[in-house]
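Here are two versions of the same chain, shown separately as structure tokens and labelled structure 1 and structure 2.
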Structure 1
């Protein structure tokens, strides 16, 4: 069973230097912050989906589709109550929903989802070890980079252990399909306890295994996947930064893509 987000496809995005992809994801985060109107946010999201298809990572988006949809829905439903716009559509006492606040909420939802999608693109096309290497080359201390990458690595491992635990308990008659919420919470104990024990055991042994194979964060080490900046890397970075400059000009210079002036 493969539960990690990474997909070994070998497309141009996979071959980019991890530094390019990390910086690129940050620039895309910055893009998302340029506008608070849904229309440009839709365009940003559309381009992310396009990149996903080009790098054959659409499957990763699909796996997490529920999360993405939830982000958009929650944001669209809650934001309108907290900002005030000109054209009120509905009002009750101090609560008010306006055309602007509604659109703003949608834009915020799209922005959050785009954040997640940019991060997913990074994780779907970059190995853990490459992210570690890239972060170190970007100047992060090795222990910090390694801890970050290990945390990412543990997610699929624990998901796998979780699946095994569910199977073991279901085989003993544990019924996880009841609708009653209280009953369901009670049923998490037989799952949670072995999960915690497994996690604690795993992290302890992991530390021993790392040291047994010569790992020391304070000692220089080499990288088998040595990151290398190629011409394509620079091209991608130039395009991303130029677009960022353009977006800044559109927003600040021309006041475009704004539904709620004065807000990020």
Structure 2
């Protein structure tokens, strides 16, 4: 079962240099940190959705829609109890929910979802070897880049193995739909044993394959894939950094997009 997030669509975003997409994702993370009011966070999230449609990667968001919704809901429910505002909406003993804390919690949930969406766009439009080459060209040491690339490669492999194990047990009569939530979670615990065995076996095979090929991460290496920056890459980076400068000015110079002035 292939659960890779990459979608080979050949759009303008797919053709960008991987360094552009990696730096662009980091800049979008910085965008999200500029505001703690829900309104600008909604605008940033809408921009990410628009980019996903333009790059035909919206299916990745739909696949992980439950995760995005849970991030927003949990943050919106928890943050109001840890920050205080002036306009109280509800209070009980030491607990208080204010208008400001509620809006701040919603903004933090949207910020987390935007972080995930920016990372998903990077993974949906960039091959694993392109990410490795981009990280190395950005100055990251090869052992670190190789470790990150290996981790990205193993995540869909382990997720696919887990899904195959669950489907195999369901086909043998395992009921994962009925009873309460605690009982259903308990039924997943025995499935962790074959999952861990599969993970250990796969990593052992990977280590033996690397050793048999004489892999040494500290030796100088040459690469078949050589990324090159084009005009479109520079244009995209200029736009992203200009927007980042504008957002900083709106936050620091004009005080806009802020519901809690003392917090990021």
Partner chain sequence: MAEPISLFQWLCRRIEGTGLKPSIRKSFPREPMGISLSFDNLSFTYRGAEKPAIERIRGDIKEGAFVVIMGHGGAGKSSLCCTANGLIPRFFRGDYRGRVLTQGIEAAGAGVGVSDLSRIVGLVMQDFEVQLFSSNVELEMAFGPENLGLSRERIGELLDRYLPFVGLGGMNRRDTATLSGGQKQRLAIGAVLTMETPVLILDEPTTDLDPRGRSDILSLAADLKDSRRTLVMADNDAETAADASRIWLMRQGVLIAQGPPEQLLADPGLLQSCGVKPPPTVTLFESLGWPGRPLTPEEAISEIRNRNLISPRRDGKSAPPPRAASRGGPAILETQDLCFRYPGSSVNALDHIDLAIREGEFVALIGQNGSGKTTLAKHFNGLLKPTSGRLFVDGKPASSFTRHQLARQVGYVFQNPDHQIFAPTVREEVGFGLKVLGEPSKVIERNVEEALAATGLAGYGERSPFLLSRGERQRVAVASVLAIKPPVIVLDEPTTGLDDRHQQDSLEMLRNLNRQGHTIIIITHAMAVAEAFASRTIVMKEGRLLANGPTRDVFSEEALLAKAALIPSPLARLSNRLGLAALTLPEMVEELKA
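Note that the rigid core is defined as the largest set of C-alphas that superpose within 1.5 Å between two forms. Numbering follows the first chain given and starts at 1. Owing to the predicted nature of the structure, the values given are computational and were not obtained by experimental measurement.
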Check: Does structure 1 or structure 2 depict the form predicted on its own?
Finding: 2
Next item on the list: Verify the C-alpha shift of residue 216 between structures 1 and 2: is it 2 Å or more after superposing the core?
Entry: yes
Check: Comparing between structures 1 and 2 on the rigid core: C-alpha of residue 98 shifted by 2 Å or more?
Finding: no
Notebook entry, point to check: Does the C-alpha of residue 128 move 2 Å or more between structures 1 and 2 once the rigid core is lined up?
Noted result: no
Check: Aligning on the rigid core, what is the distance the CA of residue 165 moves between structures 1 and 2, in angstrom?
Finding: 2.7
